[in-house]
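Just the one chain here, laid out as structure tokens, in the form predicted alone.
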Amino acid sequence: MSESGPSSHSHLAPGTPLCAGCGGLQALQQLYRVLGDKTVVVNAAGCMTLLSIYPFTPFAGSWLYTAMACAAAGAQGVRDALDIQLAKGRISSAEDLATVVLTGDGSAYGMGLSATSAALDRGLDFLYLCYDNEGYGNTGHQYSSATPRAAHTATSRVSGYAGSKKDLFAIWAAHRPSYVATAIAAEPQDLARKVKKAAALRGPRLLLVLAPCPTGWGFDPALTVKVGQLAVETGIWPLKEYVDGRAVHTKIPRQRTPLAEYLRLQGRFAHLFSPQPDEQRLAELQQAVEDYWQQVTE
């Protein structure tokens, strides 16, 4: 673990060295306002590990770096150590720390999913925050299991990614954890409510936050909030939560904005509009959104 740099107990230290307009950092700030320094952040390799400039981090609490595949295993060790200290009376319940896993989608959807599934099976008491920028952002934005269909990445350049975005919400919910929620910083009230709800529970909890990425997605950082709002308004990013054995949508866009308005702002989808619109692929992508919401409202 490393020392924390100058910070208040409820905010990350200023000047954190991440890309301008990072949607993931906005969500992390919200989480830290609630949890503060009574945390051990187990940070898998990814964009957010750039917050650390050895031996300092912007976290007022504790921070532990792990490889991309084993953050959940690291969280198990941290939680076990704290529980042993509690059982032996070496720390009081007031001194206990929340165990928080912080990962990008490369770890959450792919490399770290096996260890995370095992932690869920064991009922590990931890909060898992995934900042989902839909690619391996820290290494040049190669595609991940979270990349949406047709998006250009460093490893899917010609006609875009041929696969489909994995449903991590459903995978977590299948384990019957304490809580799962999707969120986005562009909807701050929804995000704040879900952060507080997750923090108040025990057991495995996931906050899956879409993180618009100006660098990897190809848009002006000033448009981060706009892109996030359109993700919700078009219905491509459903806001929902799983608790007490059932999934509920927390915002249903009844009059959805056409998906093309969201895609057009991002360079990773420019090939769908130039040199001429690819009407067939745009229609297919729109239909996938319509099919999802048709199932929801039936």
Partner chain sequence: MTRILLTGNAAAAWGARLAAVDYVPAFPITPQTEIIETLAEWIDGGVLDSRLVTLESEHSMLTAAGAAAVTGVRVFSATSSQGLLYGMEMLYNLAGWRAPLVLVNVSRGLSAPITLEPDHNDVLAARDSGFLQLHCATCQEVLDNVLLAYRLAEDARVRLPVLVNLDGFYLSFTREPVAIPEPAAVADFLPPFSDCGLHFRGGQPSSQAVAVLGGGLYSYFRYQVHLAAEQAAAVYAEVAADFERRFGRSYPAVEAYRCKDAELVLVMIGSFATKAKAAIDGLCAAGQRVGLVRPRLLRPFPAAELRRLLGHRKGVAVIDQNLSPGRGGILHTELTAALYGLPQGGPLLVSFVGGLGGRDIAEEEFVQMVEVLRQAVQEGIAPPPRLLFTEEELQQVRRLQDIAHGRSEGKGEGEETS
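Everything numeric in this text was worked out from a predicted model, so none of it was measured. Numbering follows the first chain given and starts at 1.
Just so you know, the form predicted in complex with its partner chain exists too; it's not on screen, but the next bit is about it.
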Do residue 29 and its partner chain come within 4.5 Å of each other in the predicted bound form, heavy atoms counted?
no
Considering non-hydrogen atoms and a 4.5 Å limit, does its partner chain approach residue 202 in the predicted bound form?
no
How about residue 114 - does it come within 4.5 Å of its partner chain in the predicted bound form, if we only consider non-hydrogen atoms?
yes
Considering non-hydrogen atoms and a 4.5 Å limit, does its partner chain approach residue 232 in the predicted bound form?
no
Since the partner isn't included here, can you check whether its partner chain sits close to all of 40, 52 and 80 in the predicted bound form (heavy atom within 4.5 Å for each)?
yes
Only one of 252, 265, 69, 243 gets a heavy atom within 4.5 Å of its partner chain in the predicted bound form. Which one?
69
Please pick, from 178, 155, 85, 215, the one residue with any non-hydrogen atom lying within 4.5 angstroms of its partner chain in the predicted bound form.
85
Any idea which of 183-191, 164-172, 89-97, 137-145 reaches within 4.5 Å of its partner chain in the predicted bound form, heavy atoms considered?
89-97
